[in-house]
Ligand code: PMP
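Quick setup: one chain, the form predicted on its own, written in structure tokens, and binding and motion questions come after.
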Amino acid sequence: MKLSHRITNLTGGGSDGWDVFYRARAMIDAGEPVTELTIGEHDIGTHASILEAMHASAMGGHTGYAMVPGVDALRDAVAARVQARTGVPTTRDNVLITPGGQSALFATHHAVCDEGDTALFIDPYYATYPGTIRAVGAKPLAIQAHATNAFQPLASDIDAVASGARSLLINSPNNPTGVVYGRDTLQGIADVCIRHDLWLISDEVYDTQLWDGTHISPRALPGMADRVLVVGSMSKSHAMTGSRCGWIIGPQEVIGDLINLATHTTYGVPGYIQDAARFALDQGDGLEREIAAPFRRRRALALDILSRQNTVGLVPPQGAMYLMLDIRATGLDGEGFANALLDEHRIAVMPGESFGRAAAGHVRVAMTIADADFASAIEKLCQFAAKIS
């Protein structure tokens, strides 16, 4: 029996870019000690108070079908949070609660792309972006943002390929680079979207992990509120990765159509998880700062270590929980370096090539282990790079 081209071609016929990660996990399963700096998983876990709220809701009976768009109290809380941070009027009618940010990315592309449409995205990119676009039947087209420009995408590069496309996906603060798009960058992107009548999908799941600069949602730029769909999530801001609770912010009529899609796919998010998410949002900025604090500390540790050597390069991360390290001085590509580092030091990092061509010759390091262990791993990585360069 033959499967659909859409499902068999999700990775474009090649690797999904996670080979080093899978090899590291196999080593761990075999009992070998490996220092994992691969995925964006908090080492602190979900806060006990959030889990207590989740437990109380479940024990209180909120375990049946929840409203597909999301419970009103959570939609209201998300809307209030977005309006307070962006200044853009936002109500529950602009909010759809989704099973995590990945589900939101899938739904937003379904909303704006038909079969065969071209959907643009910025390279380097989160590893699932091209597969998500292929999953809705659209054609992914990457636009490179180069390390020489601090991984800030150029409006001229987007403009050059935007004719006939339907959408553009951006991510700031950015995974994998940690770069925060500046106002000039975002205004240039907005101008291109207006000129070519593009939908802009803005992945803002790292908006609470900001170390330098200012997070600007493109929905707040003049003329953009009606053409931007914002993807948000509790995963990174509140260390609720496994709870799978995210959202889409957009024009009311688009949210209405997305509710129809959710009715025919996910059928909503469990009520007790939504209640826990509402409780977490109600704790305000203090809890978000507490959850972000370890990454701020580890960024400072890494910058100090990297400043004392001259083999490994870095575009200083302005946000998110990652470092994008330039290891081209070693003569290896990202995959070769990551595999060699895993073999010699049992330290697992992600090859830059997992995130697109623009990140070739780099490795992504997740700042997701205890401070002392993290500092030790960065020092070993730098020493290894110096040895083989």
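The structure displayed is predicted, hence computed values, not measured ones. Numbers follow the displayed sequence, beginning with 1.
Below, we refer to the form predicted together with the ligand, which is not included among the displayed structures.
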Fill in the blank from the handout: Note: the ligand not shown here; in the model of the complex, the stretch from 231 to 239, 84 to 92, 132 to 140, 266 to 274 having heavy atoms within 4.5 Å of it is 231 to 239
Handout entry: Residue (of 97, 179, 78, 105) lying close to the ligand in the model of the complex, criterion heavy atoms within 4.5 Å
Key = 105
Practice task
Quick one: from 171, 167, 217, 318, grab the residue that has a heavy atom within 4.5 Å of the ligand in the model of the complex.
Solution key: 171
Handout entry: Any non-hydrogen atom of residue 119 within 4.5 angstroms of the ligand in the model of the complex
Key = no
Exercise for the section: Mark residue 221 yes when one of its heavy atoms lies within 4.5 Å of a heavy atom of the ligand in the model of the complex, and no otherwise. Expected result: no
Problem - residue 205 within 4.5 Å of the ligand in the model of the complex, heavy atoms - result: yes
Practice task
Tell me, yes or no, whether residue 199 is in contact with the ligand in the model of the complex, where a contact means a heavy atom of each within 4.5 Å.
Solution key: no
Handout entry: Full three-residue contact with the ligand in the model of the complex, heavy atom 4.5 Å, for 18, 336 and 354
Key = no
